[in-house]
Structure formats: C-alpha cells, structure tokens
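We begin with a single chain expressed as structure tokens, specifically the form predicted on its own.
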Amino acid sequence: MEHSEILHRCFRCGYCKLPSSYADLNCPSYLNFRFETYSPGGRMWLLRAWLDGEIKTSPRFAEILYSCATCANCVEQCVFPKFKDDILNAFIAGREELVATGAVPPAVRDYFKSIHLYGNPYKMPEADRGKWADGLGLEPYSRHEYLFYVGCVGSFDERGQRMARSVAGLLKNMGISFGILGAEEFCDGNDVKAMGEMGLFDHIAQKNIRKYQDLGVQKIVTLSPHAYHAFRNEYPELGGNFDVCHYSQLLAPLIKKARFKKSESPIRVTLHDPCYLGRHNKEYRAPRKILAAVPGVQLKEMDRAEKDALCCGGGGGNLFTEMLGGGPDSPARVRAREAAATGAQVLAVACPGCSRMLDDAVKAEALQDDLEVMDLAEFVNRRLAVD
C-alpha cells in the first residue's frame, strides 16, 4: 500500500485530533464516535495491523476507514513534519486497497455505482444538469474568459442549485465574462478520488480535460472548493493545466465595485471555512474580504476558524454516504451550535456541500429562527442596491 512506510511512525500523541488551542476535539470522526480507532493516530495503527495481517478485512474496518471526512486537520496539527503531509494520503491509499478487493461499505459501493451509471451521485439524468440555470439567461461556454463549473451538488441538490444561481447572478452583476456547460458538464471526481476509486477518477478527469481543451478553456471558476481542489491540484498530473479559482477568489478583488443598499441595518455574521478551500488550499482571506466589503457586517469569528475550523463532516464522500450520521455529536450539529454561540444571525458558507450539511444541522438543532445559513453570494445579493 502506498505510504505504508509512515504508519509505524505515529506514536499517538493525539495532537491530530485537536485544534491549535487544544481546547476542543477537531477530528470529525473522533468527535462523533469517541473511539481511538476513529482518530487519525488510531486509524494509522489500525491500517498497520491490517497490513501486517493482525486483523482481517471486515465491515467494521471499512466503516472506520471511510468515516474520515478528509478535512486535513490531522495534516495541519501533526507535530512530525517529515510525514505529516502524507497522513491523509495513507488513509486514501487504504481506501484504494479496499476498492481493489470490493470490500467497501454498501453506501460507498452505491456512490461509485451511481457515478458509473448516471455520472452523478443523485442518480439523475445527465440531461438535467443544466436545469439549475433555467430562466437566468446564461450563455453556453464559447471562448468566454471563464468557464463557470457548478459540479454535482450545484447541479442537482436543491440547496446547491440555489447557491449556483446566486453565484451566477453575482458574476453577471460584476460584469465577468463567463459561460456554462449545462448538460455537457460532468462530475469533477474529487470525492471519487478521496474515496479511493483511482481508475474512475482518472477516467473522469481525462474526460473533462479533453472536453475543456477542445473548447479552448483556459480559466475556470468553480462553485465548490472540492472541484477547485481537483482542478488545481489533481488535474495537472493528468495533463489538465488550467487557471483555476474558487468564486470567492474571483469576487474578492472586485467586490468593492458593488453598489450596496445604504439603509440596511447592522448584521452579525460568522464564517465557516470550507476544508477544501482553507486547509487544503490555504485560502482564508477571500471570503473574509467579501464580507468586510458589505456595509453593516459585524464578523464574529468562531473559536475554531481558518486552519482550526471544524469540518462540517461532508467531505471525503460523507455528504453522500452519511458515514458520520446526524446525531448530536455529528460535526455539522456541533458546528451549528458553535456558530449560534457567537450570537451571529447569519452563518456564511462558501461550499455547496457545507451549505447542505449546515443547513440540515441548524434545523436539527432548532436554530433556524435565530441563525440563517447563507452562501456568500446569497448574502451579498441580498444586500445589493436594486436599480
């Protein structure tokens, strides 16, 4: 197994489970299950025992391996610089081994099957991919400056569709030249790779790369940090070299040109950093720059912010497989309570997956009358002046 050489080097100091302050539990799966085997250090020891033949492949073992949300808190907090960068890669390599033997959990198997058969995890016809844009008057991509890539959640999830429409509206409002692929768009494959199906990921990536190259795409702006991560960090190894940005990065330097309402009352806002924008790609400033430009915003940071942000629990395919569940100790519900404790009226997000996870969590915590989950673009659009 790739990266197996690092497994014996963990002596379970436990910092990988914590934020920089050591005041909370910051590993989503350990927070939820509270067993050492669900922590990064425990998972490394478990993988080592499995490779050494001390334990056998079992549904329980597979469940533990797939409970990781790939949030990279362990990579951020591990005290060993010589191997910390490969901790998450080792977990994904372990998943790859399970995929090779067909020993994945049923929910993971069904996810892969949906991607194979439908091209998306929602089992929706690919012809419906562009319906999120109905009535917006968006142009099909044709040598525009940017391709606006929406992804599976933005295309098919009701919450993601609203977010996609808001971002597209704001891009138009800011005068950005962009087009969409609509029904011609395809899954980016980021979660497929995180779940260890490397052959399927290569097929998806190469299909997208050929498509974009044929169309002459040079710049891509993504709705999701997951797609941003895949296009920016994974596609170049397969020949896909594009100038990629997340929508918050494109809008941040332009937002000062926006014309906002002058009569809006002050509003308290807290921000949830998406793992694939923050820890994976070190972008923390762009979302805050957008919020700072909106008149009346009082940003109330949560105790765990930026590199210490608690994951919503939806990464690594968990948005679809629900390996972490939705109980009171699920990361999304803990995060919703943490956001509410700031006294914020709005929980701002910048990822359709986070939006779905936290929206559900706020309702489960009965906080919806006090705390509204809003994407950055939705929030900005609401505060813009109307001509």
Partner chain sequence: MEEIYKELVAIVGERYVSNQPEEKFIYSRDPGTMEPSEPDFAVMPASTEEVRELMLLANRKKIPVVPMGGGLVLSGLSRPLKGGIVVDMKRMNHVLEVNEKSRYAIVEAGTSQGMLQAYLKKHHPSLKHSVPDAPPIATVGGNVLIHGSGHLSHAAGFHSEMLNGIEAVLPTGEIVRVGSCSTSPYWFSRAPLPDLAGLFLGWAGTTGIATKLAIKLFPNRALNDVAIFVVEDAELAPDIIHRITGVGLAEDVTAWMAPKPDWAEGFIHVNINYSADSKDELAWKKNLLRSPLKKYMDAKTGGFMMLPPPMKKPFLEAPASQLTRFADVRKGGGFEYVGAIMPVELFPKAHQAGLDIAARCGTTYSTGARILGMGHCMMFFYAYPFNRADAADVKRAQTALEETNRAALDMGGIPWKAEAPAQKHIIKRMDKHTFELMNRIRGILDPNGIMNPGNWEAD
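Residue numbers count along the first chain shown, from 1. The structure displayed is predicted, hence computed values, not measured ones.
The same protein also exists as the form predicted together with the partner chain; that form is not shown, yet it is the one meant from here on.
All three of Gly169, Lys211 and Ile220 touching the partner chain in the model of the complex at 4.5 Å, heavy atom to heavy atom? No.
Which of Lys113, Lys82, Lys282, Arg143 has a heavy atom within 4.5 Å of the partner chain in the model of the complex? Of Lys113, Lys82, Lys282, Arg143, the residue with a heavy atom within 4.5 Å of the partner chain in the model of the complex is Lys82.
4.5 Å heavy atom contact, Ile55 to the partner chain in the model of the complex: Contact with the partner chain, yes.
With a cut-off of 4.5 Å between heavy atoms, is Cys13 one of the residues that contacts the partner chain in the model of the complex? Taking the distances in the model of the complex, the answer for Cys13 is yes, it comes within 4.5 Å of the partner chain.
Might Lys363 be said to contact the partner chain in the model of the complex, defining contact as any heavy atom within 4.5 Å? No, Lys363 sits far enough from the partner chain in the model of the complex that none of its heavy atoms falls within 4.5 Å.
Taking the shortest heavy atom distance, is Leu51 within 4.5 Å of the partner chain in the model of the complex? No, Leu51 is distant from the partner.
Among 314 to 322, 66 to 74, 40 to 48, 344 to 352, which stretch sits within 4.5 Å of the partner chain in the model of the complex, heavy atoms only? Every other range fails; the passing one is 40 to 48.
Under the 4.5 Å heavy atom criterion, name the residues of 5 to 38 that approach the partner chain in the model of the complex, in sequence order. In sequence order, His8, Arg9, Cys10, Phe11, Arg12, Cys13, Gly14, Tyr15, Lys17, Leu18, Ser21, Tyr22, Ala23, Asp24, Leu25, Tyr30, Asn32, Phe33, Arg34, Phe35, Glu36, Thr37, Tyr38 come within 4.5 Å of the partner.
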